[in-house]
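Taken one at a time, structure 1 and structure 2 that follow are two forms of one protein chain, written as structure tokens.
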Structure 1
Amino acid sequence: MTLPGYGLLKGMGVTLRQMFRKPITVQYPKVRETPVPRARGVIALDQEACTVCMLCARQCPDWCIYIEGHKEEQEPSKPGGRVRVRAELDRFDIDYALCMYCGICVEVCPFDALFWSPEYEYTEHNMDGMLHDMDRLQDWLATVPEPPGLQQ
């Protein structure tokens, strides 16, 4: 037989002890947590590596990648050599208002043109601002951590 109200006091003891512990809450704007290496923050684009193969745009489950490109003839590397055709990127937009951060585009890219960057502070007051064009995506490339990332 226990004293009446003992269970209640025992529970209150837990909360009382908790009062003297350091809170685990991180006060965000002042203190920042370091994102994990695999964090899916924002997708960075390497324009040089992209061959406009459209694989990422086709694979995206919510169709939030927009790609346009054209073909350009290149000077032959040796005199008398064959003229090579190279695909040039005209437009590469990712609509982060639609993106669900599944990472399929990064995984399917066969030419290592897309990377995950752990940056996360890019919200906008306006929905239009969430559409990142290719130059903005290129800028994220500087923030990509060294591999190994999510895969490879």
Structure 2
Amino acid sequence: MTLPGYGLLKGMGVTLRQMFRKPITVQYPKVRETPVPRARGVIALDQEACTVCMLCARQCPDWCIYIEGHKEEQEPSKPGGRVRVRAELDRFDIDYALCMYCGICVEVCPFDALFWSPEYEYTEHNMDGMLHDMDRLQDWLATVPEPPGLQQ
């Protein structure tokens, strides 16, 4: 047999105990936590490393990556050599309104052109602002931490 109001007293006891403890939560946006070094925030692009192979766009389950490029002929490095063809990047956009941050694009890139940046504050008031072009993705590259060293 329980006394009437016992549950209320038990709940008030929990509330009273928690009032004198340090809160676990952070009062965001006044206080910002530092994310762990390899946190998934925004995807950064290294334009020089991208070869327009389209693997990231083809493997993306949300189809949020848009790539366009063209081929340019380069002079032979030696006299009498053959002309080489190199793909040049014209457009590389990621629509973060569609992205589900699965990281498949970063994993499948064979040329290490895509990286995770720990930055997570890039919200916009308009949906149009969630489409990051290649220049904005290149700017995120400065926030990518150095990869951890190899263990011996």
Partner chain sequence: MTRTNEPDQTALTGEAAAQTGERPRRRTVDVWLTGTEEPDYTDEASQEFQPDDTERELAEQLGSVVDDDYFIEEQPQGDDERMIVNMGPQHPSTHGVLRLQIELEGEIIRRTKPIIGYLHTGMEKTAEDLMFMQGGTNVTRMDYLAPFHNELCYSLAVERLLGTDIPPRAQAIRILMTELNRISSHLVALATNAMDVGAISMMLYGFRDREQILDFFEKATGLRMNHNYIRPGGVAADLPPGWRADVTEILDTLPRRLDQYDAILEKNPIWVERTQNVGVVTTEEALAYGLTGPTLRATGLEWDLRKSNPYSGIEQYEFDVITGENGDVYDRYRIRVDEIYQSMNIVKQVTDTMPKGDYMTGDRKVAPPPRGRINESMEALIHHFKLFTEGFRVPEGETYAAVESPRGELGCYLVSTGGGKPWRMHTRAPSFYNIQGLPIMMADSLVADTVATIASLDPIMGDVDR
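Start at 1 and count along the sequence of structure 1; that gives the residue numbers used here. The term rigid core refers to the maximal set of C-alpha atoms that superpose within 1.5 Å between the two forms. Only a predicted model underlies this, so the values are computations on that prediction, with no experimental measurement involved.
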The same chain appears twice here, once per structure, so which copy is the form predicted alone?
2
Would you say Lys10 moves its Cα by 2 Å or more between structure 1 and structure 2, aligning on the core?
yes
So with the core overlaid, does the Cα of Arg82 end up 2 Å or more away between structure 1 and structure 2?
yes
